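Just the one chain here, the form predicted alone, laid out as C-alpha cells.
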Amino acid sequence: MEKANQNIVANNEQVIQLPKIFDERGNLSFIEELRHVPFAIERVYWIYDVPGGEIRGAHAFREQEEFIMALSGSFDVVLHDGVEERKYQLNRSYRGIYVPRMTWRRMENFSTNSLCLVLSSTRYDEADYIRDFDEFVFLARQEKSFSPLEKKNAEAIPLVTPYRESRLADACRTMTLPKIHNRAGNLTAMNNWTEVPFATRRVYYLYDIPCGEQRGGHAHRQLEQLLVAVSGSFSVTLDDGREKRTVFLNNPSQGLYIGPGIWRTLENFSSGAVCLVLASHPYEEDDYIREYDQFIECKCLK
C-alpha cells in the first residue's frame, strides 16, 4: 500500500499522494479529512461529460480550500498565486492537488471520459468567489502573507461498538442527486446534512475492478454511506438479515444511501466502473462486521 503524505500544511499548494490499497478484486484509495487533506470536508462534487477543449473553473476563493483529483482520465490544473503560474497534470486515481485559498485555478485539457473529483472546505457561497483575474491579482498582492485558516473543530466522531438495528425499508434508499447541466461538462455536488444525510468524514473509491469480481461483503455497526457509480455501472445487493434487495447503479447523478446494520455486496462491475463512497466516519476496523454468521447473530440478539 502506498503511504499518504502525512505532512499536509494548510495554505501550501502541493501534490498529495493518497493511499492505494492493491487488491486482485480491484484497487481502493481513500481520503480522510484533517489527515490526507488539511481541512474538514463540507462539500463533495464531481465534474463529468466534459467536451473536448473546454475549460472549467477560472476563479479563486477568498476562504475555500480544495482538493482536486482525476478519478478517471486526465486533465491539467493550472494554478496562479498572483505572481506566477504553475501547471499540474492529474492522471492517477491516487494523486491529487491541494489548492489553498486565494489561488486562481482552472482545469483544462480534459481527456475523453475524464472524471474530476473535488473536495471543498465550505459550502457553495457566491460571495466567496473571485471571478475577475485582475481583481484577484490585486487582492493577492495586497496580502503580505497568507495566514493559515482557522480550522474547523471537526473532530473525528467516535465510533461505538454497539450494533444499530436497521431494516431495508428505512435504512436504504436511492436518491436523485443534484445535476447542474453545463455545455462545458456536468456537475453534481453534495453538501453535508443537505444532499448527504450525514457529515462526510471520509471519501473512498473502488477502481480497476476485474470482470466478475465482488467487493464489499460486510456490514457496519454505525457507519452511514452514500454510494455513487460516477463511471460505468455495478449492482448492490442489500441484506438486513430478513430480506434482500438488489439496486443497479449506472448514473453519476444517482446515489444509494445505506444506513448501519445492512450487509451489502457490490458486483457486476462494468468495464471502467468507478464506485465513489461518501462515509460518515474515518476508517475503524471495530465498526466492521465481516462474517455473515456474526451479522445474523447480531440480528438475532435484537
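Note that residue numbering begins at 1 and tracks the sequence as displayed. Just so we're clear, the structure is a prediction, and the values are computed from it rather than from any experiment.
Although it is not shown, the form predicted in complex with dTDP-4-keto-6-deoxyglucose is what the next lines describe.
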Q: Determine which one of 172 to 180, 124 to 132, 95 to 103, 212 to 220 lies within 4.5 Å of dTDP-4-keto-6-deoxyglucose in the predicted bound form, judging by heavy atom distances; exactly one does.
A: 212 to 220
Q | I21, F30 and Y288 all contacting dTDP-4-keto-6-deoxyglucose in the predicted bound form, non-hydrogen atom within 4.5 Å | A | yes
Q | Selected contact from T188, Q225, N192, S231, since only one has a non-hydrogen atom within 4.5 angstroms of dTDP-4-keto-6-deoxyglucose in the predicted bound form | A | Q225
(Q) So dTDP-4-keto-6-deoxyglucose isn't shown here. In the predicted bound form, which residue out of V118, L71, V77, L206 has a non-hydrogen atom within 4.5 Å of it? (A) L206
Q.
Residue-level question: is R264 within 4.5 Å of dTDP-4-keto-6-deoxyglucose in the predicted bound form, judged on heavy atoms?
A. yes
Q) Just to confirm, Y292 within 4.5 Å of dTDP-4-keto-6-deoxyglucose in the predicted bound form by heavy atoms? A) no
Q. At the 4.5 Å heavy atom threshold, is R202 in contact with dTDP-4-keto-6-deoxyglucose in the predicted bound form?
A. yes
